[in-house]
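To begin, one chain is listed below as structure tokens, in the form predicted on its own.
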């Protein structure tokens, strides 16, 4: 139990650190009226959760099923809010790494988000009891992230 609390504290700290300008990320104050700011913050939280999962899968962080489930839940919750954060007319924003393909092929992008929602929902609904189960669940989620970033994200 102490290990679970320690892992969850690390996850919370990682989420805060990412949001507060850790590494190459920029601190972005939340503005509920700005979809670009909201999606940047959401994706930073996904990055923190992914970092925790990755650490567990690599053995750098002790596997903890509660923390793994929390990370998968964080990613799934983020997926549910993404589609409304790419309104038309917002296709060029220097603060964001969202690529023009999002708006040029909006139907494919919406399908990619729907797949992300389904895959993260499935991963969340089957809590991993072992690191092997986490690896199996995250292989699908991670492939989803990778394909979307490849198609719809640009480097700045």
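It should be emphasised that the depicted structure is a prediction, and the values quoted were computed from it without experimental measurement. Residue numbers count along the first chain shown, from 1.
What follows is about the form predicted together with a small molecule, which we do not show.
Thinking of 50, 97 and 113 as the candidate spot, does the small molecule come within 4.5 Å of a heavy atom on all of them in the predicted bound form?
-> Answer is yes for this spot.
How about residue 70: is it within 4.5 Å of the small molecule in the predicted bound form, going by heavy atoms?
-> Judged by the heavy-atom cut-off of 4.5 Å, residue 70 is well away from the small molecule in the predicted bound form.
Check whether residue 124 has any heavy atom within 4.5 Å of a heavy atom of the small molecule in the predicted bound form, and answer yes or no.
-> Looking in the predicted bound form, residue contacts with the small molecule do not include residue 124, since no heavy atom lies within 4.5 Å.
Should residue 136 be counted as a contact of the small molecule in the predicted bound form, where contact means heavy atoms within 4.5 Å?
-> Looking in the predicted bound form, residue contacts with the small molecule do not include residue 136, since no heavy atom lies within 4.5 Å.
Does residue 109 reach the small molecule in the predicted bound form if we count a contact as any heavy atom within 4.5 Å?
-> Yes - in the predicted bound form, heavy atoms of residue 109 and the small molecule come within 4.5 Å of each other.
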